[in-house]
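One chain is shown next in structure tokens, namely the form predicted on its own.
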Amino acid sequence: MNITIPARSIPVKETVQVLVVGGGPAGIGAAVSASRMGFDTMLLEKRGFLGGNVTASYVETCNYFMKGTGFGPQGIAGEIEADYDRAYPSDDVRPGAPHRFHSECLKVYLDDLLKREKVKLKLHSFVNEALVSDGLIKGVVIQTKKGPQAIQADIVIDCTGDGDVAFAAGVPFEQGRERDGLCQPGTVSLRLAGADTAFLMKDGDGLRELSRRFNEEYRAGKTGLPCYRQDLPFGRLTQAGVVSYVNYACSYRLDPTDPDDLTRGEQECRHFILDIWRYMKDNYPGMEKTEIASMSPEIGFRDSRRIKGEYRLTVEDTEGRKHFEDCIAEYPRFYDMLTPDPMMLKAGDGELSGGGYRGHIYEPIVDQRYIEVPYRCLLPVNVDNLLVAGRCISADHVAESGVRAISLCTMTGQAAGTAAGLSLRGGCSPKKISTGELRAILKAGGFRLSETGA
């Protein structure tokens, strides 16, 4: 059954030159770079805070896989990490830990960053409608307590993670695995208080030992827990006994864009959190007196829609070290895909050869190998003044498991924001800008871009 909505008049709240939708890592990179190009820029975020999965899902250790490899965040992502550390020195007592954000401090830091960069910000602004005419987005509609409101812009950048604006504008997309459409599971993370920090740290990193022990117990079938998750990653540990996150509770076979599936996933994960908390209290010394400090505000996803772009990045490209003339990001070769099928959790060996159908994929960085992301992956078909950045750029499912890395999302956002500025400066579509000029600006802004892609 369908319902016809009567024609309505929606007030235009504001008009800007560049409109970025989504305030996660990609949106931050896009908004800051567009503003630095000298254009009036606004950022819309559906939540009451910025940071995306880092703050909403406690993914604080977002660049862990680069520690000790010679690689690091580039461009605005690197600026943010260094500047954040100066403003909020780490309280993590775990030895040899990679860089970790404190997600609550990061919320404040990002608020201040956008003010300094002169980016207009609207929180609590959920976008689910695009106004399209003759292949151009004339504006987007945000849902507010005062009813729908329109924001008009010359260039729109979709950094929603789910490709919401592109979807609303009619851009075709893929979702999940090619054969069955299954996405990776959704996760609600846990924050604990009351851990015995002195005990856990007396012989080194006690949380790392708990992770190793849990993996052995799960694979031996000893835990008896209903959640299909064999890993137990921990975040920061503080002198106050706070474990900043436990990344455990997973819900499978969810469509990240379906409210019924999201409801099931949120509720299922909350029960899994109670299970793992009780298990740790009963079985792991140092965790006996812990209590749940919080559950992450929102279930987090690793993939959903991937837009159809002018070019589709494939795993054959990334493994074949393919060079692109329009390369806008070089990033360490790395893949991380939780199995979309819980029945395959213990199958496979984590290698790429499974293709996401034989268990998980986890391929760490090897020497100085890197992948290239072409600019065309940020350009959706059918719409001329829209760019897309973050995990929903044009890529196949396996390639996306590397593209989704948080600092790379910031980089593709920075590339999109810079391209928007070049488009406005040249009076042309983002598809017509000089990629050579784009690459030069990105390189000057801290990107590693070799001449082989020139």
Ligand SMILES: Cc1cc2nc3c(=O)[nH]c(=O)nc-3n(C[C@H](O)[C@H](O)[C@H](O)COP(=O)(O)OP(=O)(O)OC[C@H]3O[C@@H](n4cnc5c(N)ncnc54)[C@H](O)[C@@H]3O)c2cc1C
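No experiment lies behind these values; they were computed from the predicted model shown. Throughout, we count residues from 1 along the sequence that is shown.
Although it is not shown, the form predicted in complex with the ligand is what the next lines describe.
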**OP:** Name the single residue among 424, 59, 399, 42 that comes within 4.5 Å of the ligand in the model of the complex, judging by heavy atoms.
**Re:** 59
Subject >> Candidate from 317, 330, 326, 164 lying within 4.5 Å of the ligand in the model of the complex - any heavy atom >> reply: 164
Original post:
Hey, with the ligand in the model of the complex, do 71, 411 and 439 all fall inside the 4.5 Å heavy atom range?
Top reply: no
Subject >> Candidate stretches 355 to 363, 373 to 381, 88 to 96, 185 to 193, one within 4.5 Å of the ligand in the model of the complex by heavy atom >> reply: 185 to 193
**OP:** Using the partner position in the model of the complex, report whether residue 301 sits within 4.5 Å of the ligand, counting heavy atoms only.
**Re:** yes
Original post:
Can you check whether residue 36 is within 4.5 Å of the ligand in the model of the complex, heavy atom basis?
Top reply: no
**OP:** Give a yes/no on whether residue 80 approaches the ligand to within 4.5 Å in the model of the complex, heavy atoms considered.
**Re:** no
Original post:
Using heavy atoms and a 4.5 Å limit, would one call residue 109 a contact residue for the ligand in the model of the complex?
Top reply: no
Original post:
Heavy atom within 4.5 Å of the ligand in the model of the complex: which residues of 1 to 25 qualify?
Top reply: 21, 22, 23, 24, 25
